[in-house]
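Alright, two takes on the same chain below, each alone as structure tokens: structure 1 and structure 2.
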Structure 1
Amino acid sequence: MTWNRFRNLATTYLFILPALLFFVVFSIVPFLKVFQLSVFEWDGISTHMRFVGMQNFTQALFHDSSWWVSMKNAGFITLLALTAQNGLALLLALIVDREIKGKNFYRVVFYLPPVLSGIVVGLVWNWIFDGSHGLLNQLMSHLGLVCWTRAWLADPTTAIWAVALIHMWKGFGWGFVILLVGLQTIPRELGEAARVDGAGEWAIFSRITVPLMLPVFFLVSILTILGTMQIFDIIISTTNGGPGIHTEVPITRILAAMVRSLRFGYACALGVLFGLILLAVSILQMQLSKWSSRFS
């Protein structure tokens, strides 16, 4: 190798070196460390780590009911987000895609909640759902519905619904924007031609829009699942998992194992388990997406 070529190659590697360093130190090392820690019992401070093999995993899988409650809670919110939130996003995208007037206004306003932090959103909604001074209860009292008033976020029957509502309020605008971008890539002529041929609204929607939008639908659902299952900020700023464990979610359980119980190894095992579940969901969705692309 000539000196010149060597110098060129060295400069080239200098370009990627900073990114590579970040990547190794802050992505690769923690990634491997999670797996390593997951087979130890460790309080995070002491120099001694006790090797326990698969014990953390068997405990999480078979003896930790609150972990599975947290999975169920996140799953419930995810289910609502997939149906109600994305349904609303699609409906609004379909409307705005056609109504030219106010398109930009709606896009700006609907995307406002996603721009806010989960903490801010949670704290503001706290103040609306509050049991004694909350806006919702005051409104109901004025309307003569005193019997319906309650501490929405502290009542076991409503807490999970209230949290899900806040999450969907924050999230629908994001699905709306992606779906709208997707809709606008569909050539106008397709719909117009079909209309000339006498096709109704529903036929155009189900025969043209849906098949062409399938890849976007899958993308939005996979991102909704990954995002909602890992819900955290809104939980911690509203219910903090309560009342009881009615709104616990996987991330709050992992944090509790780490910070409250000082069981770093167990927290890592929960993380690995949760990561594998999310990975399985992603792979399933991608397979479905591939399979569905045969129809469009």
Structure 2
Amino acid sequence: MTWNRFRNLATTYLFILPALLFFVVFSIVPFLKVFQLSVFEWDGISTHMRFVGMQNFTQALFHDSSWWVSMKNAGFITLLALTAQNGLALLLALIVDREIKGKNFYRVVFYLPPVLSGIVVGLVWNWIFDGSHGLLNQLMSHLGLVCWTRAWLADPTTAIWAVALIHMWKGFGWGFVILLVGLQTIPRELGEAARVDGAGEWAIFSRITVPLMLPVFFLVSILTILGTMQIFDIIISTTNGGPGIHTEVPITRILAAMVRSLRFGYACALGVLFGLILLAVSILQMQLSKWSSRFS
């Protein structure tokens, strides 16, 4: 190796060294520490830690029904976000992508909810869904629907739906922006040529837009799954996992194991399991994205 080549390589690695150090210190080391703690029974305070091997993992997988209830709740909210939230985002993106008046205004308005603090959004919706003086109940009373009024966030039958609605309202702007950018990358000439050949709007959408947008759909889907499964701030600011565990999600379950039960080791085991589940979803999405790229 010549001196110039060695100097160029050394300069290159020197530039990436700070980023590599940050990644190792704040990502790799914490993950290894969490995995280490997951095989111990520890209250987070005592200097004594009892080694229990894989016991925390087996308890979480086979004996902790609350954990699987939290996974089911997160999965339910994710399913609604994938369908209703992303469907609304796609519809609005298709509308704004057309030559309509004030489309720049709509872009700003639709993007506002995602940049708001989750805690603030939760507090505002707390007032809307309040059982006594909430805006929704007052509106329904004026419409003569008093029999349908209720404490939406405290009723076990509606709490998870209310939380999902808040999450979708806050999150649809991200999907809207990404889908709109994807639509704007499709050459206009394709649609115009199809119209000249007599194709209708549905045929253009299903045979041109959808195939070319498949990679974008997968990107939005995986961001929705990863973001929704890690929902936390809205849950904390509205229901705190209640009533009972009807709106408990994995992150609040991990926090409860750590803070309420003082089982740091078990909480770390839940965190490792949750991370592996999200990693599996990410790998599956990457494979589907590669397949969709070839198809489109």
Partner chain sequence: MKLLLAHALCLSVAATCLFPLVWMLSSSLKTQSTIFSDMRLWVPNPQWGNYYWAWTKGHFGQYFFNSLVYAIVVVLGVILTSSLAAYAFSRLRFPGKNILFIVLISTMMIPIPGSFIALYVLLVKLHLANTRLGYILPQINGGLALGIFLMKTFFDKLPQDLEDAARIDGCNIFQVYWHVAMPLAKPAIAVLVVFNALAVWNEYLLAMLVLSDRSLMPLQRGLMVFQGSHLTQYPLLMAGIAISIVPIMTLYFLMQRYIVAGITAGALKM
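Rigid core: the largest C-alpha set superposing within 1.5 Å between the two forms. Every residue number counts along structure 1's sequence, beginning with 1. Everything quoted here is computed from the prediction, not taken from an experiment.
Between the two displayed forms of this chain, it is structure 1 that matches the form predicted together with the partner chain. Core-superposed comparison between structure 1 and structure 2: CA of F26 displaced by 2 Å or more. Remark: with the core as the superposition reference, the CA shift of L14 between structure 1 and structure 2 reaches 2 Å or more.
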